[in-house]
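Shown here is one chain on its own, the form predicted on its own, set out as structure tokens.
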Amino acid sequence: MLERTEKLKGHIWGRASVVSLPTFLVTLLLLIFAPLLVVYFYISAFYFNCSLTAPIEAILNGETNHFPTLSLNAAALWGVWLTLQILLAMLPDRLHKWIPNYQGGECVGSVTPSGYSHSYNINGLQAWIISHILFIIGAFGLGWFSPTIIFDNWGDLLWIANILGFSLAIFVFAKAYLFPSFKEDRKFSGNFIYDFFMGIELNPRIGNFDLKLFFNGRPGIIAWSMINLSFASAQYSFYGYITNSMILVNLLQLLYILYFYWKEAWYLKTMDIHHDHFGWMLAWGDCVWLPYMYTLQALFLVFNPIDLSFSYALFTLAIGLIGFYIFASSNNQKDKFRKSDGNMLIWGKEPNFIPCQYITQDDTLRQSKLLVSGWWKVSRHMNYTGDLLLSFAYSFACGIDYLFPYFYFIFLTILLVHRCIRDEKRCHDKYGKAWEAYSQKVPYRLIPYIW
């Protein structure tokens, strides 16, 4: 039986409830400057050939005519896109009946700190396929619209994305007070700004429609590959051909996106769904940051077409594929370990693990295992290591002369280092001494033999 001190840890694992002054200041700065940064990168691309210094000089000289405009056409495009994704998210999944080893349909997520196990309609791959078929038929087959439609309205769409992101954040913040979905899984810090930023509800829902899973995994990520396709079409319309660098970026990012939807059921067990509450960080991030900042490489290549040498392109592809292999295989190892309860082989051997237990807020003692085999013996977040290698390949495909396409890699590095620290604090609070024993067996957090 756990001692009382260990029991108390079970009641505090999850999002932070106490906000330090540095945390509050960083939160405030992100709320103010993250939206401005997205606009800045838009101006840099469309008016200054992706220079990150020229816009500053222009603004200091009083040039203010580069900001995007607000248009009804962009609002209509966003409205059609959002409506389509809501309808597709509510459809029953059919692919799991046709594709072997694909897990779709109704799936159950991890146990929440208060002991809930929520069900989800997993059909993201189906929604992605239908969305892209409709886009390709409409643009290339029937000619209803130009395949460059997204690129052509990129600035106007930014206004609508921001309006949607802020409106959604305000809605879920008010909902957490007025009509929460699961009261026991709310977290209040006492700091209004921090709670708005990080979110109060863990799983805000409208009926059975889960807002966090939908916005985390549907409009923005499905659009990611469609945006890249539109940018590739824009490059073709400008220059008459598509560069091998643009093809490389599209293919590597498409690989990542398709893997995400193939493993969407696994995504329910990740920090995004299992731990992060739904506030401005995710609401605005899903609507604005993801589609605008994750696609910077393809946008850069529209204005700076780069033809890579065969050896450079092959080397970049190798980095990307190695990173993807580490990312995917490490996630698959943990996923299979969970599903089989450890009855499997990893790299030809029975897996080693550390048994652990934790307590949810309903005072239920639950059992779990910490995997110490395969990639999870090399570092405690080896999937992040692979993700970083893959993201570096996106940027490296754009050459080495501009900082612009490397922003995503720099941002992701900061994000994943911060997530390592947050995740390990949560795991220590949740598992106690078992996590300390695991950390001793696997001393490296992210980069083997370094950190």
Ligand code: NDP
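Residue numbers run from 1 along the displayed sequence. The structure presented is a predicted model; accordingly, all values stated were derived computationally and were not measured.
Same protein, other form: the form predicted in complex with this ligand, not shown, and the subject of what follows.
Contact with this ligand in the model of the complex, judged as any non-hydrogen atom within 4.5 angstroms, is confined among 328-336, 93-101, 119-127, 208-216 to 328-336.
Remark: none of the three candidate residues (78, 231 and 284) comes within 4.5 Å of this ligand in the model of the complex, counting heavy atoms only. Out of the listed residues 40, 402, 46, 408, 408 is the one that sits within 4.5 Å of this ligand in the model of the complex by at least one heavy atom. Between the options 280, 151, 194, 266, the residue in contact with this ligand in the model of the complex by a heavy atom within 4.5 angstroms is 266.
Though the partner is left out of this view, residue 396 does not reach within 4.5 Å of this ligand in the model of the complex, counting heavy atoms only.
Although the partner is absent here, residue 371 sits close enough that one of its heavy atoms falls within 4.5 Å of this ligand in the model of the complex.
When contacts are judged by a 4.5 Å heavy atom cut-off, residue 419 counts as touching this ligand in the model of the complex.
For residue 383, a non-hydrogen atom is located within 4.5 Å of this ligand in the model of the complex, even though that partner is not displayed. Contacts between 406-440 and this ligand, taken as any heavy atom within 4.5 Å in the model of the complex, involve 408, 412, 415, 416, 419, 423, 426, 427, 430, 431, 435, 438.
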